[in-house]
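Before any questions on how it binds or moves, here is one chain, the form predicted alone, in structure tokens.
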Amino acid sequence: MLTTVNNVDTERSLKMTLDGEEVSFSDGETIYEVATRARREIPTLCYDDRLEAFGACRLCVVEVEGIRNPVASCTTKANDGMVVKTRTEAIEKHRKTLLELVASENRNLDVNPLSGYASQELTKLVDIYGARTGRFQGKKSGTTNTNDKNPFILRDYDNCISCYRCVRVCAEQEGDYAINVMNRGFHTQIIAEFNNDLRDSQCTFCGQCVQTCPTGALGDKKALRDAETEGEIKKTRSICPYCGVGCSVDLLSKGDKIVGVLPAMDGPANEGALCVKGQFAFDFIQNADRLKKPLVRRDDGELHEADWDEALEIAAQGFLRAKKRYGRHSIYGVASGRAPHEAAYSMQKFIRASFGTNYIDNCSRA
């Protein structure tokens, strides 16, 4: 907020009272954003900070002095002088009742963490608020789509709570608009275009819908293959090897086996986004056909295992023979788009300096 002092515009600090503590905030911030920065834990189910606030789940409601009814903190802008209470007896009772209602519709509250990045959100909140009471029973919404034969995404809509995070991330983040909402009330259903399989839609299988789902209604089929594999799930930060963008990923492993991939929400290059290869194409890591040692072709015409010194020496001699017999323009280099910048630089230097040509390209150029 700007104020004018002696004809000079100056920025005035905005402050609000949050649970009895005065905190500063910037113009345009919501109560939820201010509270999160001030380390106040406000529960949500429909909120993803990458998406436009929706205000559907009503778990994030807070009391604001001067406003009769609680307001959704994720959609309500903070105002100067505002007095907010994030946790009162009435608010906490309201949250527990909402969670009991949500839990009553779900077939399974104990979702395997391999389902996706956010798959434990409902489970954790239900346990925190002691909402496994079962006192609300009745009609349920959402029908699991067991007929969709795509190899990547489980569509278990018996666990859907209609938060629409999947629909919104597909539209707002990916721009694909591959999934949408059909019907209303207890007949609400998440569908692909014209209620077809995902394979027949605009879906690119980036997995963003899976990773934002807070209930496991959308799950990672490939990771869930190892749901019964013994061992604790370990998370290891790494970089996706498929192109030069450098997307950050968290590799999920049990023992010495990679069982799944999660996008790193704090990854500087991708901010939680991945393509289909980065998300699902990790089987090559443990493929039985993967080479573990370099192979060289010997006089018998067959490939044999060798050490790196021998393999590099044979490769170098091959380049020299080709140059001597066919000339320098017989050698052409194509750098891998999966390699880092330093490797690409070394590759072009190898072709230009060693052979005196500009016959060098990169597979990611096109």
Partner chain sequence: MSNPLRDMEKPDVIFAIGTNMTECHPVAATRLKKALTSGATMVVADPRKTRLAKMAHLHLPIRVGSDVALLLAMAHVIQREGMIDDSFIAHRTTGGPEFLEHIKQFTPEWASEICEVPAEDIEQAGLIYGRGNPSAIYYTLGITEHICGVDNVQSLCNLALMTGNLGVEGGGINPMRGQNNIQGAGDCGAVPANFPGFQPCGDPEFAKKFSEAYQTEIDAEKGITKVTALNTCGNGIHAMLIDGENTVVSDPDKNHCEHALKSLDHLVVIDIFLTETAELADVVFPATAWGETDGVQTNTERRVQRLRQAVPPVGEAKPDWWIVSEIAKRMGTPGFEYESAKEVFNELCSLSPIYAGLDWDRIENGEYQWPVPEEGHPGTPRLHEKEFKNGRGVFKVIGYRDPAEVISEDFPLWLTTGRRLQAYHTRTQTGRSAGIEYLLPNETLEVHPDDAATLGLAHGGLAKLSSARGTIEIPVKVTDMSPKGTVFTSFSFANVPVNVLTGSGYDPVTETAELKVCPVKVEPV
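Nothing here was measured: the structure is a model prediction, and the numbers come from that model. Positions refer to the first chain, counted from 1.
One more form of this protein should be noted, the form predicted in complex with the partner chain, which is absent from this view; the next part is about it.
*Asks:* So which of 237-245, 125-133, 84-92, 111-119 is the stretch with heavy atoms within 4.5 Å of the partner chain in the predicted complex?
*Replies:* Looking at the partner contacts, the answer comes out as 237-245.
*Asks:* Check whether Leu274 has any heavy atom within 4.5 Å of a heavy atom of the partner chain in the predicted complex, and answer yes or no.
*Replies:* Although the partner chain is absent here, Leu274 would touch it in the predicted complex, with heavy atoms inside 4.5 Å.
*Asks:* Wondering, does Asp300 line up within 4.5 Å of the partner chain in the predicted complex on heavy atoms?
*Replies:* Asp300 lies outside the contact set for the partner chain.
*Asks:* Although the partner isn't part of this model, could you tell me whether Thr76 comes within 4.5 Å of the partner chain in the predicted complex, counting any heavy atom of the residue?
*Replies:* So Thr76 does not count as contacting the partner chain.
*Asks:* Wondering, does Arg325 line up within 4.5 Å of the partner chain in the predicted complex on heavy atoms?
*Replies:* Yes, contact at 4.5 Å.
*Asks:* Tell me whether Lys149, Asp309 and Cys363, taken together, all sit within 4.5 Å of the partner chain in the predicted complex, counting heavy atoms only.
*Replies:* Yes.
*Asks:* Going by heavy atom distances of 4.5 angstroms or less, which of Asp49, Glu29, Glu63, Glu313 would be at the interface with the partner chain in the predicted complex?
*Replies:* Flagged contact: Glu313.
*Asks:* So which residues in 320-343, when you check the partner chain in the predicted complex, have a heavy atom no farther than 4.5 Å from it?
*Replies:* Contacts from 320-343: Leu320, Ala322, Arg325, Tyr326, Arg328, His329, Ser330, Ile331, Tyr332, Gly333, Val334, Ala335, Ser336, Gly337, Arg338, Ala339, Pro340, His341, Glu342, Ala343.
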